[in-house]
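This document opens with one chain alone, in structure tokens, the form predicted alone.
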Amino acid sequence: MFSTIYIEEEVLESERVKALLDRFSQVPQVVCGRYGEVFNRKSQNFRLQKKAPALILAKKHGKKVLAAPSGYGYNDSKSYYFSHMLNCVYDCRYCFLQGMYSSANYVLFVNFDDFEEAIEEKIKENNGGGVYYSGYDCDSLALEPVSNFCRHFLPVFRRHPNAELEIRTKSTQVRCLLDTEVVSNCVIAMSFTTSEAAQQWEHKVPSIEKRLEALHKLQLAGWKVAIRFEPLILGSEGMAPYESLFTQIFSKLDVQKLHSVSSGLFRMPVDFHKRIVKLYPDEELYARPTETVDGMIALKSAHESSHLLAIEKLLLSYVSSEQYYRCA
């Protein structure tokens, strides 16, 4: 699974680290001072690393709970995100993480107790409430069998029923949830693009069918689930792929019980986009016309606004306006 495991000297005696090193004793292990020595070094080959990434076990310093970007969330509550991990096991061509980091290696911050303390402090500041997103800098469930993220953090939110946790994912690793008593203030939000987009740009991601089956099992078990249609990328096929996708999803799930449904256009910071273009100089997606607004790159299309409105109109034929929001 990992080409090498790097371990910060500071966390060598952590019980979580010892258990992981015992479990992956056959993988080469290297001790380092700080994770940045490996993760942030210059002249790394992202594409080569992606074929055989390393795992870096580290301690997160500084702020651990940050304000969510404007327009990221689904209600007016104070919104935050926390990242116990950097980078994703999947290889989606449109993902901003490939422009954010120079390394394709995974960083797992093992000081979960410090994250827990920071989350509870923020919950207290918000009179017991707030929305907390996991899955902004990683896919929280994809490495669950290694990280045991859910095992640690679900009880935190069980203790604070007025605070809401959203776990955003493309993973089918839901056994940890199905084997756990439902946490009513936890939402499992699954991201989808059309079948055509998935085949072209979502490498290593479980199929739409498998993701839907995972969500179906979660719904039957009583978990709150949500759908995220991001990013919306229209091709020459027009609306037909979205018509097919919506039919597939909303015929499989109990629509009335969906927590929320959102859509969002392709966008990322200008600097990230420039780096990704260098990674994929022949990628059709990055040869499309773009426009820049407030430092963010978006795909430019004469019909983008009308297509977005058409997609929203179609969505609202399946879900209520109270369930839907547009991610800015």
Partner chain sequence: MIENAKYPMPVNIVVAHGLEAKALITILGLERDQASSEFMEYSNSTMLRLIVSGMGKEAIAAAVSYLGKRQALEGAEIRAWLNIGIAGHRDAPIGSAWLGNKITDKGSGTSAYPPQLIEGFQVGSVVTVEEPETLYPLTAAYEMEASAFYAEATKYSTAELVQVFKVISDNLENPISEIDLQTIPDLIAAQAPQIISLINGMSEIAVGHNSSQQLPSCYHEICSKIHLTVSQQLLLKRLCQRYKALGLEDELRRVTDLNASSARQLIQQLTECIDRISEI
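Residue numbers count along the first chain shown, from 1. Remember, it's a predicted structure, so these values are computed and weren't measured experimentally.
Absent from the display: the form predicted together with its partner chain. The rest refers to it.
A.B. asks: Looking at the partner-bound form in the predicted bound form, is Val38 within 4.5 Å of its partner chain by any heavy atom?
C.D. replies: Because a heavy atom of Val38 falls inside 4.5 Å of its partner chain in the predicted bound form, the answer is yes.
A.B. asks: Is Gly295 part of the interface with its partner chain in the predicted bound form - any heavy atom within 4.5 Å?
C.D. replies: No, Gly295 sits far enough from its partner chain in the predicted bound form that none of its heavy atoms falls within 4.5 Å.
A.B. asks: At 4.5 Å between heavy atoms, is Asp271 in contact with its partner chain in the predicted bound form?
C.D. replies: Asp271 lies outside the contact set for its partner chain.
A.B. asks: If you check in the predicted bound form, is Ala67 within 4.5 Å of its partner chain, heavy atoms only?
C.D. replies: No - in the predicted bound form, heavy atoms of Ala67 and its partner chain never come within 4.5 Å of each other.
A.B. asks: Tell me, out of Val131, Leu97, Leu234, Ile208, which residue has a non-hydrogen atom within 4.5 angstroms of its partner chain in the predicted bound form.
C.D. replies: Contact with its partner chain in the predicted bound form is made by Leu234 alone.
A.B. asks: Checking a candidate spot here: are Ser3, Gly33 and Ser301 all in contact with its partner chain in the predicted bound form (at least one heavy atom each within 4.5 Å)?
C.D. replies: Yes.
A.B. asks: Only counting heavy atoms and a 4.5 Å limit, does any residue of 246-285 reach its partner chain in the predicted bound form, and if so which ones?
C.D. replies: Going through 246-285 in order - heavy atoms within 4.5 Å of its partner chain in the predicted bound form - the hits are Val277, Lys278, Leu279, Pro281, Asp282, Glu283, Glu284.
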